[in-house]
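Okay, here we've got a single chain as structure tokens, the form predicted on its own, with questions on binding and movement later.
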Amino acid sequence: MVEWRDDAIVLAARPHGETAAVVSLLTRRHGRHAGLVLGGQSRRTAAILQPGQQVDANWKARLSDQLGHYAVEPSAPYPARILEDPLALAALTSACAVTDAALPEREGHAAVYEGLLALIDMLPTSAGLYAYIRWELGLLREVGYGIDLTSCAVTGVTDSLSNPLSYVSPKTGKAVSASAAQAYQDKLLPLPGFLCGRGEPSPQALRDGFKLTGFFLERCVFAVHHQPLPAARARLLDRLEQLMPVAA
């Protein structure tokens, strides 16, 4: 018998048979890990198995490579402020879906776990969506596709008010300064200033941020496995567009 206990965040749950559920958890020490929850479709347990819920998870299996069974109990209240904010709830659902689809199973990613915990705290705040974009950048870095925003890929200069890092090369994932990008801006991805620690948050900055991280998630993570970006992320962007003012 193999058994362990760990802190975890619910990523997804799907019905299995008449009463059980197969649950995907992001655990602190064991990475993304699935398991069967007996009675997972009951009203009480289904309420626990919501994306973003923090749980104390106990996993058991006869052999280490089997699906195994989970016993789960909530370890922290589900964030009420998120439930009261449809946009924050959409962002949380998207983050859990992206994590579930992007991470390999049973591979430790403590940084992603800690980052998702921090994001859950930030989502109901005014900076929640900007934190979400930074979180996706961190996820890309954790799975081996970090975007380099430290200096210009062409000239080597760092970010400055006179010559800011304003674009990212879709081929290399490296930043490009405003002056170096003049000849081929239309071939580059806009880099919102808040990702370099400058610039006031704006609707267009959000659009640019989601476009940037979405491009590299799609190309480097999901397309490799012939998968699209999760539908929950598209729903988040649709809701965001409904709420943001139209760009001039």
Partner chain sequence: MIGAELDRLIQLLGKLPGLGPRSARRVVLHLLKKRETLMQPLASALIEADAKLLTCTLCNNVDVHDPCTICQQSGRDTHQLCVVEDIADLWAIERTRSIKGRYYVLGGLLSALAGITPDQLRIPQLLARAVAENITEVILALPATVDGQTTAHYIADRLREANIPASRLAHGVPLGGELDYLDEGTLATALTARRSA
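Because the structure is predicted, anything quoted here is derived from the model rather than measured. Positions refer to the first chain, counted from 1.
Beyond the structure shown, there is the form predicted together with the partner chain, which is absent from this document and is the topic of what follows.
In the predicted complex, at least one heavy atom of residue 14 sits within 4.5 Å of a heavy atom of the partner chain. Taking non-hydrogen atoms only, residue 116 never approaches the partner chain to within 4.5 angstroms in the predicted complex.
The partner chain is not shown here, and in the predicted complex it never comes within 4.5 Å of any heavy atom of residue 145.
Using a 4.5 angstroms threshold between heavy atoms, residue 84 counts as touching the partner chain in the predicted complex. Contact with the partner chain in the predicted complex, defined as a heavy atom within 4.5 Å, is made by none of 3, 58 and 102. Note on the interface: of 145-153, 72-80, 159-167, 105-113, the segment with non-hydrogen atoms within 4.5 angstroms of the partner chain in the predicted complex is 72-80.
The single contact residue among 54, 179, 50, 42, judged by any heavy atom lying within 4.5 Å of the partner chain in the predicted complex, is 50. Here is the short version: of 129, 140, 89, 120, the single residue with a heavy atom within 4.5 Å of the partner chain in the predicted complex is 89.
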